[in-house]
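Starting off, we have a lone chain in the form predicted alone, written out as structure tokens.
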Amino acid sequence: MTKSLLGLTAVLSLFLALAGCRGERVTIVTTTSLDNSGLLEEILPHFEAEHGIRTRIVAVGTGAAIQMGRLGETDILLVHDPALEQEFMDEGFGALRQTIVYNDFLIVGPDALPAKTLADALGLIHGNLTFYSRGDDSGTHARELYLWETFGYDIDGFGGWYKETGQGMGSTMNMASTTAGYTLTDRGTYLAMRANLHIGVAYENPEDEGLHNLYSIIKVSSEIRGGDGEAARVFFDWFTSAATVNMIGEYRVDGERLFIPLEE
């Protein structure tokens, strides 16, 4: 078979695969922080127009998202808890995984904290200021617990100043905003919501890797989800493509970038 014929066969195979996906729907379970940022609302119409595949978004905490993946209730996961993601992959529930962008976590509240380090900031909050924890097994909640533990705190001994909301990032920030409390949030959600909040950045350090917030995409195994998984694979390839990652990196709210491509 000639090279030209081989090339034509490959193109035809790809065309038929994409054509077979048209009219299908990809279910995407994502974090409330990513959903609140407005990013998916901005970019998914480009995917649907290009491939003719509809998308359905479900926004929950990362822990709940991973569990939905284990139960085969979604095609795609967009999550931000690397340890939990790796466990999911090691257990055979995920077919493909790629970390693509990041932003950072910061503490927001009614007043700036006079702290030079994260340890100082947590020390000022501990026992003195109202702090809202998401308490929902989300990626943000997992990072918050990790930070308290890293600096020697045991949340089991925390008093009434520490309040678990059991809610998503948007709701938790609103609670902090209406009661002059503090909370840990990702920068993207804060920037997307800050116009309607009465709190600001209380502590930040984008250079602190402990505050880096990595977002990954996972394609759930077809054996778990059922079906041939072709539409999900098309979405995975589109989402991880250089063009889409660049589009995510260019997404801004009030002129500020919400996400930074990992390879930048």
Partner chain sequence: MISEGLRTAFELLVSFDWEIYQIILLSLVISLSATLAAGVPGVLFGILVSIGRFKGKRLVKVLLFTSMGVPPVVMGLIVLLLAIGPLRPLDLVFTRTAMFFAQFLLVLPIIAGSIVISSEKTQVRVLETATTLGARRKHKVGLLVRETKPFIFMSLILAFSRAIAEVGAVMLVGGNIKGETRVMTTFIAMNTSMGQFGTSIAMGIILLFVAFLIHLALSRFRRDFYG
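Since the model is a prediction, treat every value here as computed from it, not as a measurement. Positions refer to the first chain, counted from 1.
Here the subject shifts to the form predicted together with the partner chain, a form of this protein not shown in this document.
Annotation: in the predicted bound form, residues Gly61, Gln67 and Glu164 each come within 4.5 Å of the partner chain through at least one heavy atom. For the candidate set Gln86, Gln98, Thr179, Thr150, a heavy atom within 4.5 Å of the partner chain in the predicted bound form is found for exactly one residue, namely Thr179. The single contact residue among Leu145, Met175, Ala115, Leu106, judged by any heavy atom lying within 4.5 Å of the partner chain in the predicted bound form, is Met175. For the chain shown alone, Gly160 is a contact residue for the partner chain in the predicted bound form, at least one non-hydrogen atom being within 4.5 angstroms. The partner chain in the predicted bound form is approached by Asp136, whose closest heavy atom lies within 4.5 angstroms of it. Heavy atoms of Ala119 never reach within 4.5 Å of the partner chain in the predicted bound form, leaving it off the interface. Looking at Tyr132, you'd find a heavy atom of it within 4.5 angstroms of the partner chain in the predicted bound form. Proximity to the partner chain in the predicted bound form, taken as heavy atoms within 4.5 Å, picks out 67 to 75 from the listed stretches 184 to 192, 67 to 75, 86 to 94, 119 to 127.
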